[in-house]
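Single chain ahead, by itself, as structure tokens, in the form predicted alone.
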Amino acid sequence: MRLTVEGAATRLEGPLLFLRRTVDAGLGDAVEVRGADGRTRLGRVAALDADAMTIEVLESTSGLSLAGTVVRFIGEPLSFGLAPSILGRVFNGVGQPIDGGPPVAARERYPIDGLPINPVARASPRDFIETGITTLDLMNSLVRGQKLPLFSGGGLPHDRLAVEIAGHARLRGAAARDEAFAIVFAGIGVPWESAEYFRRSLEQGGALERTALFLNLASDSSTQRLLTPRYALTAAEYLAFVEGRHVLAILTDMTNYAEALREVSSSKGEVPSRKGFPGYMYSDLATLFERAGCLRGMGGTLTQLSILTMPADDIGHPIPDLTGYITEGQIVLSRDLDRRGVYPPVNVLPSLSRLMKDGIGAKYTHADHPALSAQLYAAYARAVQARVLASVVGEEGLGDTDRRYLAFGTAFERTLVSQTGARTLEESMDLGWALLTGLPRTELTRLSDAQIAAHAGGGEAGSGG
């Protein structure tokens, strides 16, 4: 039932419109706000009490005044009209096409807050997604149905990395059909230049045709920023659980989302928690991240790769801290590697994919993949320790084995971490095996004798050292 209210506005503060409560409405219900300027703006009910209600206006409130403001209550939550034709389209933060094409001929409409999922219906994530990035595929494998964040910092090349993953990500094996895989890419609070970079790169790389692109600009309303990931994930859920596709949802930058959450919370007068963020930020983020997964009896899966920039590179900041509690690992970018010209500057030691063991091995990738990854981790950790020792006693004061680890660490960063184009998993594994031939055979404790003989048995590694 649609109701129209006029003359009830009492205050306008940023993107929030405060009304006297004269009608019954539900929390989260959609509204249309028409100002004296004749322009209609989309909004939703953000807060309710006995005497007042707060409306989040999802578009610019410039030109909106209290006098003459009319609010029309739709009587249902915000929803998104969806069809398979959303692939190849570009939308703004609230699901409106901005690519010059026609409106989406919707087959279904779904609430943007998602449909409730029975935890018993969830299946354990399995199967490997190849991203073309060696430090992910070989060292921190992404598994279908996983939620894996990427922790970056201001000025680091996470936008470039996100576009490359979107362009190169693919399924392997029997599931590797073009129509079975789709990308949902959401830019949240990004500058216009970044939005154009996303659009242009995906189009030129040929990935846009399998992608639904959502772009929320930094100049857009902060309340709209709160809805962008919800519209994007609603599209991803439709493609995964209705159309049966395997969907990779890339969300960047979740820090902009959290900052908008803090801004809107402060405007509502809510009591702040750590660093001014609302105390419910953990549960709010969980409502987004937990929309990833696999469901029993469903052919599709929804995988999330969420990118956030750590303020002041502080991994203990509330945003990455709470994100790490919800998600299944993290990929960490290193400013030091970036300064040394290593791209992508992924620091593999603090990075972790908790579900990697469930998506690699003989059934999903290669039988030697787990052992090779473990050996490379161990060797690189030892190389970092050798660097610390060398900074104290000098390289000439190190033993032969430690000097070999120093050389391994440099080669690991320059040839395996650093890359200029996409690599298949097989190419990444070949690089890993080649690096291990530079270490004494007695140091390869994570490999079996058969693996050493087959892949790392020649040269110095085979001589024992």
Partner chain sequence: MSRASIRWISGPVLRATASGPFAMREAVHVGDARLLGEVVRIDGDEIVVQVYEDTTGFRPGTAVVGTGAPLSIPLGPGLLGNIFDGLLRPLAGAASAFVHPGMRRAEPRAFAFVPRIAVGDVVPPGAILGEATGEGIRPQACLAPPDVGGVALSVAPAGELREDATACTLRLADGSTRELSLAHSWPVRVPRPVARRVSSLTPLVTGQRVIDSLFPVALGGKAAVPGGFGTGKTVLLEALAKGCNADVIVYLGCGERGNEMAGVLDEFPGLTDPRTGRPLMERTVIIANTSNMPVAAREASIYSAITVAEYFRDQGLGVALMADSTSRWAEALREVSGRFGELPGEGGYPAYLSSRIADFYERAAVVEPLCGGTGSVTVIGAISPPSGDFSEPVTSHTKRYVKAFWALDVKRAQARFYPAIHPLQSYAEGAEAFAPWWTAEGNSEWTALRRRFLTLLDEEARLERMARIIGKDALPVRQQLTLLCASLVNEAFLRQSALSEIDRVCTPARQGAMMRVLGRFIELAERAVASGTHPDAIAALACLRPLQRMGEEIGDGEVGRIAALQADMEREFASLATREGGGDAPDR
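Keep in mind that what you see is a predicted model, and the values were worked out from it rather than measured. We call the rigid core the largest set of C-alpha positions that still match within 1.5 Å between the two forms. Residue numbers count along the first chain shown, from 1.
Below, we refer to the form predicted together with the partner chain, which is not included among the displayed structures.
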query	finding
4.5 Å heavy atom contact with the partner chain in the model of the complex for all of Tyr280, Ala286 and Asp449	yes
Contact assignment for the partner chain in the model of the complex, among Val70, Ala411, Ala47, Ala434, heavy atom within 4.5 Å	Ala47
Proximity to the partner chain in the model of the complex, single hit among Gly341, Gly269, Pro102, Gly316 (heavy atom within 4.5 Å)	Gly316
Close approach of Thr10 to the partner chain in the model of the complex, 4.5 Å, heavy atom	no
Contact of Ala162 with the partner chain in the model of the complex (heavy atom, 4.5 Å)	no
4.5 Å heavy atom contact, Arg296 and the partner chain in the model of the complex	yes
Partner proximity in the model of the complex: Asn140 to the partner chain, non-hydrogen atom cutoff 4.5 Å	yes
Proximity to the partner chain in the model of the complex (heavy atom, within 4.5 Å), stretch among 186-194, 245-253, 228-236, 343-351	343-351
Sequence-ordered list of residues in 68-90 near the partner chain in the model of the complex, where near means a heavy atom within 4.5 Å	Pro77
Did Arg387 shift 2 Å or more between the shown form and the other one, C-alpha, core superposed	yes
Residue shift check between the shown form and the other one, rigid core fit, Asp368 Cα at least 2 Å	yes
